[in-house]
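Next up: a single chain in structure tokens, the form predicted alone.
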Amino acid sequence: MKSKKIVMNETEMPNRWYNLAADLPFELQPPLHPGTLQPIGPDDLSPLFPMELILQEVSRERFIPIPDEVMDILSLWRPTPLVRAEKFEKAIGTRCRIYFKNESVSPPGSHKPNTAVAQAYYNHREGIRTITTETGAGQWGSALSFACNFFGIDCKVFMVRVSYESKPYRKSMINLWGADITASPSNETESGRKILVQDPGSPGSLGIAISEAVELAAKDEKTKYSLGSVLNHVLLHQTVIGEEAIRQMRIAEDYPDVVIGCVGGGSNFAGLAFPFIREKLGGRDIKFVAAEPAACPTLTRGSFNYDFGDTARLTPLLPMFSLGHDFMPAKIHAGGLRYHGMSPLVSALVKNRMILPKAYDQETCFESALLFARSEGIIPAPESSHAIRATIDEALQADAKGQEKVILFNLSGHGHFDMSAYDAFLNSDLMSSELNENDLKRNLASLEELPTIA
């Protein structure tokens, strides 16, 4: 019987992270201080992050060793399987060969603990007692609470209200691992109270939740803030996905022509794609597709500009594609993709035409998720369904051209806590995911007041 899964053992885990910034053929713009608008230095970030993570954020070292303590916890579920999706291929009716990296097998159910464990470790080593964070769909909040539990660190999670109300068992999971969780916007912070005065029924956004978490961290020297995507060090930690996938594709005696991931802040896409981008820079011919929601089209309709990472303007300004820090996305079920900005690294790669962004509407993605669930048996997270939709499109386009492509996508997480969303889809009762064009224009216009990218 031909193997469907490429499963490596723990001794074959990557023991170092890959830093794409060391290999880029162009210069990156620096983040700016929110007060002075000058390039920030390590000391400017020290109130929020432990110094080792700050050094990783600005590092140009090509490879960074993974500490043994981190490797020990990652080995609970890593390496993750690489799966040949033959039944999915048949369901599509394609001649293409499709593979997916199954990151849903981690205890929290997604790729997020790859960086959560590393961040908790470095905070623990610096003597930090509490970590604050935000979460959209709950995947990141689950992962950080899971990681903090191993290192005896208190964890405070601000969960976007629309997801907090629609995904109650994510809250239960976060509590089970010992973290405290609050719906955002909340009355616990000045940032949250200000939003609630303006809009008492606010569904919340990742930008607002980030503001609340950053505000608490900045007030206590023994509290730090942790981000689940966007920043360089977060994407760095995720590259274990792609490093494993390169080895597994070699074992399969195959190689991808197309690499796909969904994008909200950029972490799961970068985790799979960045090691393959290194291969592309070395001469390989690979296409990269970043799939985002049409209701929050940061890469396809955003502006490449400096912008704040949060709604209250507490964070540094980042050089990135953005819809404007006040942008309020529609209440789509892919809560992890409802972010106004994008990783500066991913943004720069899109700007330099090394990555192709595509946007998909919510219903189309759920249709694709249903096809995948009924062929491969795995219920994908709504976020991952965007990568699945892009995979179908790439396969059908190749078929139309008479080509037999190898396509690799990242299954970033399972959808076991998203059953209300699937119920709504099956009952033809999905909420509207339309983009408010007036809000988009107004928020993009607000970026003109901020520093531009040279």
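All of these numbers come straight from a predicted model, not from anything done at the bench. In case it trips you up, residue 1 is the first one in the sequence shown, and so on.
Keep in mind that the form predicted together with a further copy of the same chain is missing from the display, and what follows is about it.
Taking non-hydrogen atoms only, Pro357 never approaches a further copy of the same chain to within 4.5 angstroms in the predicted bound form. In the predicted bound form, none of the heavy atoms of Lys222 sits within 4.5 Å of a heavy atom of a further copy of the same chain. In the predicted bound form, a further copy of the same chain stays beyond 4.5 Å of every heavy atom belonging to Glu367. Taking the partner from elsewhere, Glu434 is found to have every heavy atom lying beyond 4.5 Å of a further copy of the same chain in the predicted bound form. Site annotation in the predicted bound form: the residue of Lys351, Arg193, Arg374, Arg284 reaching within 4.5 Å of a further copy of the same chain with a heavy atom is Arg374. This chain lacks the partner; the member of Arg313, Arg301, Arg78, Arg97 within 4.5 angstroms of a further copy of the same chain in the predicted bound form by a non-hydrogen atom is Arg78. Comparing 177-185, 115-123, 341-349, 199-207 against a further copy of the same chain in the predicted bound form, the single stretch with non-hydrogen atoms within 4.5 angstroms of it is 177-185. Although a further copy of the same chain is not shown here, in the predicted bound form the stretch 407-426 places heavy atoms of His414, His416, Phe417, Met419, Ser420, Tyr422, Asp423, Leu426 within 4.5 Å of it, in sequence order.
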